[in-house]
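Below sits a lone chain in structure tokens, taken as the form predicted on its own.
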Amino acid sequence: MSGSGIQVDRRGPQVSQPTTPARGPEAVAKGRSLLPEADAPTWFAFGFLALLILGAVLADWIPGLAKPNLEVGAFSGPPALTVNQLFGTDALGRSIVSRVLYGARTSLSIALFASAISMSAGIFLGMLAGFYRGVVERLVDLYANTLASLPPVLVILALIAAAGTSVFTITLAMGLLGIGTYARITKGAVISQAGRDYVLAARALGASDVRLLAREILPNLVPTLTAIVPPLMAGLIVTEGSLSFLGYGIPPPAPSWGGMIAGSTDLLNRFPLLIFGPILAIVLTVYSLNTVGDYMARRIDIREGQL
């Protein structure tokens, strides 16, 4: 009614419409921002591990690289300015770079297979303990706590003394000692997941215990396990290097980082750079694995905060 001077809104009551989530590139950018950004140390860790693994796997095909037990001057090629002279040679004339790369193959293989043994057995025992509790939980806790109370190096030395020094013995001993750690972590994760809605819904639909553990709970344990594997592998590499340094690791003349350090101790006064290569390899590998584990742990924290 224009005569009264009152403006009447003929569109009716205004109802606020719910905002729809953004689509397209903006949503993608927003989703990416929820992940932790990889800083320079993280990129360095991923890059170094990638180069180390490639170098260890492809060591036989690197042009000009001498064999680990061959004197550098015993093969045909230019005498200097080669990849073999990067860190020099040891007391026997063997290339330190070559032995570091071939030693990385040994150290990474032991850490990988020992982790596989520990993870497979520890996940199985931890899932049973966290899901059924009771007697099973007490037995698994007793086993895990017993292993945790024993010095790992002394236990491995005892097993090596009983079974002999070999790559298989060292790998098996390290794998058995790591079962308790994976079992405790898995048990805690299963206890926290067992009361979630998706597990209760699957149980209400008649899912068996095996299906609940294998199809519902186990996939949700993968992020947690992914974050703890790199630091535990770093510990295995340090342990293997310690055993080799003490003379109970990889039998010579097979290259190993700890054995290279132990073999150079008598010459450190005159040639201190002999241990630079293996020490640098151990430090950077352990640092990179721990950095990758920290990055994966940050991803888990963000993921759990979104649930």
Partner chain sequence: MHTSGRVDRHASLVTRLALSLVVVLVAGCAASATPSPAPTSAASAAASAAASAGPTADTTPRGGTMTIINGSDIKSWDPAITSGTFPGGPMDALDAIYGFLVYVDVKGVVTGGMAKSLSSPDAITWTLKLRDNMKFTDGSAYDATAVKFNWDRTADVATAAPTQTWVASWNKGITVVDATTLTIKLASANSNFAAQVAELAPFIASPAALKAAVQKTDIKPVGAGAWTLSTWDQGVGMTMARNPGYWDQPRPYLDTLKFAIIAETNSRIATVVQGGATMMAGYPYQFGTNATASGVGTIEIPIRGINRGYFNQAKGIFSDAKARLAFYQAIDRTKLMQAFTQTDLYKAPVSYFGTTSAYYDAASKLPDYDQAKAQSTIDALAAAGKPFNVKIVTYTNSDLKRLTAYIQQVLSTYKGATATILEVDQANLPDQCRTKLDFDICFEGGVLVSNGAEPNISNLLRSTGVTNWGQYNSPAMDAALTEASATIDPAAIKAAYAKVQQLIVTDLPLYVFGEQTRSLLVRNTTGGVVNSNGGILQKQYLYVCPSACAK
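The structure presented is a predicted model; accordingly, all values stated were derived computationally and were not measured. Numbering follows the first chain given and starts at 1.
Below, we turn to the form predicted together with its partner chain, even though it does not appear here.
Undergrad: Taking S242, D266 and T291 as a possible spot, do all three reach its partner chain in the predicted bound form with a heavy atom inside 4.5 Å?
TA: Result yes, every residue of the spot touches its partner chain.
Undergrad: If contact means a heavy atom within 4.5 Å, which one of 117-125, 86-94, 144-152, 214-222 is the stretch that engages its partner chain in the predicted bound form?
TA: Flagged stretch: 86-94.
Undergrad: Is P253 close enough to its partner chain in the predicted bound form to count, meaning some heavy atom within 4.5 Å?
TA: Residue-level check for P253: yes, a contact with its partner chain.
Undergrad: With the partner left out here, check for me: in the predicted bound form, does some heavy atom of I279 sit within 4.5 Å of its partner chain?
TA: So I279 counts as contacting its partner chain.
Undergrad: Any of the heavy atoms of V238 lying within 4.5 Å of its partner chain in the predicted bound form?
TA: Contact with its partner chain, yes.
Undergrad: Can any non-hydrogen atom of L246 be found within 4.5 angstroms of its partner chain in the predicted bound form?
TA: So L246 counts as contacting its partner chain.
Undergrad: Going by heavy atom distances of 4.5 angstroms or less, which of L108, A227, I160, I185 would be at the interface with its partner chain in the predicted bound form?
TA: Result of the distance check: A227.
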